[in-house]
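Only one chain is included here, represented as structure tokens and corresponding to the form predicted on its own.
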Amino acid sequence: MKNQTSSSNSTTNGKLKIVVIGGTGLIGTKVVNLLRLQGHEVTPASPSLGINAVTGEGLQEALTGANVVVDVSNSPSFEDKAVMEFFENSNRNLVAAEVAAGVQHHVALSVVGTERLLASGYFRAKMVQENFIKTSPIPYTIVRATQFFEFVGSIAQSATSGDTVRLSPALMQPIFSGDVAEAVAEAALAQPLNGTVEVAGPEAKPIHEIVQIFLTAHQDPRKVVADEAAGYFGTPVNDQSLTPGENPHLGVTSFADWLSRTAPAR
């Protein structure tokens, strides 16, 4: 995918003012850096910086004069009630602040398969977020990504009992966080789609195989067992649950290449 700047969103000197909600996190930090490298005025926003979308603190001031808002924030708690309140409150405040500020484009990071995983409270909350965005008067682009390479270890931990990791053999197509950030940054500089784009890693493999490859690379002695009933963080999954639909944008970084850079040397 190649970056393109939207002429309708551009300021007189061709630069955009962009606010990145969640701008100090894994994806947000990378998005901020990518957009700054292209010469745009970028404000990272997070509670640690005095800008809190959930409470509204500092939000209106941060969005004053902004052309684009990018939301890559995530709930600090995945408990059903907490995560729903996080996305409801943050998106309600964002819509109000964006309308008041005259923001021209809202870009949000969501998850591939959200509508297929509604047995999970987290994904129900993400669906609420997407619906907020779609019904807002602000033009939007939703970037749905598959699971990040960086969280494969957490998948293993969630399914560990003793020295055994029980995981579904359903397919997953994880992606490098840097490739996600590039897709989000591209969306921020393009015309609003008023629709959704999917991004995924270059290859799909069964969840249990991906985790076993990760553990082996990290010299972790835990044994992974394929278990059809294991689910994904407790949610039932099949081969379509965690993989993209037709014509996704594929990241360029393979899982093996990422592991070669991040796993400890033997």
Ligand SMILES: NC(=O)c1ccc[n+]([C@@H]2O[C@H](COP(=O)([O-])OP(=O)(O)OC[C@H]3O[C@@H](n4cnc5c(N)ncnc54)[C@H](OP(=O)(O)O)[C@@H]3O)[C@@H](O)[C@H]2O)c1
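Heads up: residue numbers just count along the shown sequence, starting at 1. This structure is a prediction, so every number in the text was calculated from the model and none was measured.
Below: the form predicted together with the ligand, not depicted.
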- Item | Segment assignment from 163-171, 188-196, 132-140, 104-112: heavy atom within 4.5 Å of the ligand in the predicted complex | 104-112
- Is there a heavy atom of Val54 no more than 4.5 Å from a heavy atom of the ligand in the predicted complex? yes
- Is Ile21 close enough to touch the ligand in the predicted complex, meaning at least one heavy atom pair within 4.5 Å? yes
- Contact test in the predicted complex: Ser120 vs the ligand, heavy atoms, 4.5 Å: no
- Message: My question is simply whether Asn91 lines the interface with the ligand in the predicted complex - judged by any non-hydrogen atom within 4.5 Å.
- Response: no
- Query: the ligand isn't shown here, but in the predicted complex which of Ile27, Leu63, Leu35, Val224 has a heavy atom within 4.5 Å of it?
  - Reply: Ile27
- Item | in the predicted complex, the residue from Pro47, Pro202, Gly58, Gly39 that sits within 4.5 Å of the ligand by heavy atoms | Pro47
- Item | Contact check for Lys126, Phe148 and Phe151 against the ligand in the predicted complex, heavy atom at 4.5 Å | yes
- Query: What residues in 176-211 sit within 4.5 Å of the ligand in the predicted complex, counting heavy atoms only?
  - Reply: none
